[in-house]
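So this first bit is one chain, no partners, the form predicted on its own, shown in structure tokens.
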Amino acid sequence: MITMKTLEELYVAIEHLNMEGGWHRRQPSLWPEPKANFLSAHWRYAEVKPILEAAGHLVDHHLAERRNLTLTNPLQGNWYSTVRTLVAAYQSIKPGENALSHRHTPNALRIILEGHGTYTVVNGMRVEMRPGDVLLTPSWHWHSHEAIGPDECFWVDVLDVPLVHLLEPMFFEHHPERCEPVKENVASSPLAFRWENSVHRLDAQTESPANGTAEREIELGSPAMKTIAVHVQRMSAGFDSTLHKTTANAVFTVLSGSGTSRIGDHEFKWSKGDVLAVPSWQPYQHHVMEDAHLVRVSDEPVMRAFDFLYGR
């Protein structure tokens, strides 16, 4: 039997074995409600697009598989994530370019901002990416992009890479043939949510979301992917959403219109193509100045799966 006369001796013995006594923790392990760790943030497309255009002359697909700019949350010590479980990026592809095929365990989607004549091939299905569309690349699906039209194409990517980093089942693989062979050209696909269909559904929607965060809202898929939910929102000029917070992390992309959003302690003025980061449990509210459409991408399916999805 070990005899110790003081707590200090006890603590030395505990620490030597890489343990910690539950009665004297250096940091609490439980707290009354979620902490505000990640920061609210805003990226302006008007500032990003010229950089991507310049990169188009300097960074080809031999230098980088994807020409993208990752939106890194300004939280000190963060090196990658946009919010805790999601990362967003702006990406472009120029006419005549081909982004080679690869696959990975993280789920991905892209929200198209500008450009016609660019296609994605997902597991052999080739479909055009058009402005306003939301296209999915589920986990471990081969995917590539090619621009055969006259336009440079710009879009926003959102992936659950940070979640996969946390859980650790990260796998990545290049296609053995560099470009996956096209099995079929399709005009529509379960992985492509067309903008015109979203508009039609929003036009038919007669009720506002119960939480008052938009005038009209539809969900793409149910959910779009196992870890990611996608909602398209419509708000008219003069609309003020209710102040809302939720345990779900979210990334908003502005498809049209303009307004301001207060997220936590910061206010951001946004317009077409901008991206907003709304971390978990940070209150946010939108004021719309010009009729607007926003795409809200969140980790709601993850939170819901574990009964962790709360809001007020």
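Bear in mind the structure is a predicted one, so any value in this text is a computation, not a measurement. When you see a residue number, it is the position in the sequence shown, counting from 1.
Note that the form predicted in complex with 2,5-dihydroxybenzoic acid (GTQ) isn't included here; everything after this is about it.
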Check: Contact between residue 280 and 2,5-dihydroxybenzoic acid (GTQ) in the predicted complex at 4.5 Å, heavy atoms?
Finding: no
Check: Does 2,5-dihydroxybenzoic acid (GTQ) get within 4.5 angstroms of any non-hydrogen atom of residue 68 in the predicted complex?
Finding: yes
Notebook entry, point to check: Does at least one non-hydrogen atom of residue 216 fall within 4.5 angstroms of 2,5-dihydroxybenzoic acid (GTQ) in the predicted complex?
Noted result: no
Notebook entry, point to check: So in the predicted complex, does residue 110 come within 4.5 Å of 2,5-dihydroxybenzoic acid (GTQ), heavy atom to heavy atom?
Noted result: yes
Notebook entry, point to check: Of the listed stretches (137-145, 162-170, 229-237, 191-199), which one has a non-hydrogen atom within 4.5 Å of 2,5-dihydroxybenzoic acid (GTQ) in the predicted complex?
Noted result: 137-145
Next item on the list: Identify, from the list 104, 84, 175, 94, the residue with a heavy atom within 4.5 Å of 2,5-dihydroxybenzoic acid (GTQ) in the predicted complex.
Entry: 104
Check: Which pick from 224, 89, 153, 127 sits with a heavy atom within 4.5 Å of 2,5-dihydroxybenzoic acid (GTQ) in the predicted complex?
Finding: 89
